[in-house]
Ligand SMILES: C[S@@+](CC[C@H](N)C(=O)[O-])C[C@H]1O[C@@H](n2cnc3c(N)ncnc32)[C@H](O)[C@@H]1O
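Below you'll find only one chain, the form predicted on its own, shown as structure tokens.
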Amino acid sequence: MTGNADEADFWSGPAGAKWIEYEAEQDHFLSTVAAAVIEKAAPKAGERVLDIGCGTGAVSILAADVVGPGGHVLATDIAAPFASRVKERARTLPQVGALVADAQSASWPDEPFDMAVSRFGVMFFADPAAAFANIALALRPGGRMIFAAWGRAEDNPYWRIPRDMVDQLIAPRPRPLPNTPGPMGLANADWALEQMRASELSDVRAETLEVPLLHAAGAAGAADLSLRIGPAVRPMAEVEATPELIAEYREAVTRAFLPYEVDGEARIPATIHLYTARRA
């Protein structure tokens, strides 16, 4: 089974169902990232947009509002429940389609796209260079890619704090090897750019941004989110965490997130990379 198939199984199961259940909360939490992708992509009315790893479609819907009924947005994800959810959300937007697809190997529609975009959907590829090359096949000559990916966990309190708390409460956990599929799979910008250049893309660049992650329920809400569909999900599931352990974790992470709470809203700083390139 390939790494991509593992991700398909993971997101087609309880993890994906949780993401859909807390869709509105997660969309708000990552709204600044979605906005950064759309601002950088700058789609125009009538353009065709391919959304890679669309999740439940937040970026697809933002793009659809811009390209309008004369354009088209194809939301793609490796997990079938996400594609189905996009269809539900976009039922009043005829310019939005949805496709279950592994971007590393998918066959794309015959009509090319003006751009491919992604909010945190490109870090999980087993072979990033192959995936970028295949995505490029969906674009017209000169078509552009605009992808957001997490920076290092050490530079992201939302990842670093839960990870460190899990280490303290359960046991130190091995860190993923650098440049391997996962949330921080493209955290090393130099390595990621090498993968894009190996795909024979042109004008390959990376821009590092700091944006706030937002939660209306403050530090406690952000701590809860980390347990539902965030960095604590897999480790807590693996140890079959007791209610007592979960409560201890939640209290500790809430305290750690409190410095990022402003007027009751959590604004957790996040470091992300925006990768851009063009099909030659």
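So that there is no doubt, residue numbering starts at 1 and follows the sequence shown. Note that this is a predicted model, so its numbers are computed, not measured.
What comes next is about the form predicted together with this ligand, which is not displayed.
In summary, the region of this chain contacting this ligand in the predicted bound form, judged by heavy atoms within 4.5 Å and restricted to 138-146, 96-104, 190-198, 171-179, corresponds to 96-104. Mapping the unseen interface onto this chain, F125 counts among the residues with a heavy atom inside 4.5 Å of this ligand in the predicted bound form. In the predicted bound form, none of the heavy atoms of A63 sits within 4.5 Å of a heavy atom of this ligand. In the predicted bound form, none of the heavy atoms of V166 sits within 4.5 Å of a heavy atom of this ligand.
The closest heavy atom approach of P162 to this ligand in the predicted bound form falls outside 4.5 Å. Residues F132, M184 and Y275 are none of them found to lie within 4.5 Å of this ligand in the predicted bound form, as judged by heavy atom distances.
In sequence order, R119, F120, G121, F124, F125 are the residues of 111-145 having a heavy atom within 4.5 Å of this ligand in the predicted bound form; the partner itself is omitted from this view.
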